[in-house]
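The chain below stands alone and is given as structure tokens, in the form predicted alone.
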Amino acid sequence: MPHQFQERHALEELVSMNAAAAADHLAVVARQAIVVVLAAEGQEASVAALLTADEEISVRFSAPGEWLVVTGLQTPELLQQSLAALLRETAHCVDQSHGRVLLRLSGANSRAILAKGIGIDLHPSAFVIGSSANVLCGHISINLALVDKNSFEIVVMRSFAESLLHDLCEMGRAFDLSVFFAP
């Protein structure tokens, strides 16, 4: 007998759907397509070139020959299929949308909030728009990307999302950080 699984967000019971955003805000993105791309041996440069040519996706460096591809414009299935067709034999594409959570931290104090728990230089001259890195936030492994002057996107494994949310709320307490689902 097949099982019927109910899809729900990992932070659904912890985060409000409607609230007023403060100057510094943590948005939980409810629907996002996230695909891991792993380049075949010797194909790293050609895969990187093909990925960066598409303006509808956001490409985040994850490791040598490995990227996270993120978009809100396609379903996870469609993104995985379109990347597989684009990259053909040069890379493997694995949908990670249900296993990862995307958070968006924005505001004038976003760097100061993150600096409380992340051990990399977040100064605008060192971590520029478009930069991404796998880092630890406290004890949790995340992929951090700077998407705008004062806006970061954080990708975390679903099983660590609740703990990370708690840590980020503590880090942002001094700045009156607001938290709710992105519209």
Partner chain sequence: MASLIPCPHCGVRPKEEFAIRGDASLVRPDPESSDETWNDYVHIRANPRGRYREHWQHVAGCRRWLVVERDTFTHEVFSVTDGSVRAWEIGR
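This one's a predicted model, so the numbers in the text were calculated from it and none came from an experiment. Positions refer to the first chain, counted from 1.
Missing here is the form predicted together with its partner chain; even so, the following discussion is about that form.
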property	result
Non-hydrogen atom contact residue 57 with its partner chain in the model of the complex at 4.5 angstroms	no
Partner proximity in the model of the complex: residue 151 to its partner chain, non-hydrogen atom cutoff 4.5 Å	no
Residue 119 within 4.5 Å of its partner chain in the model of the complex, heavy atoms	yes
Partner contact for residue 133 in the model of the complex: its partner chain, 4.5 angstroms, heavy atom	yes
Position in contact with its partner chain when the complex is considered in the model of the complex, options 49, 126, 129, 63, heavy atoms within 4.5 Å	63
Contacts with its partner chain in the model of the complex - residues in 145-175 whose heavy atoms fall within 4.5 Å	none
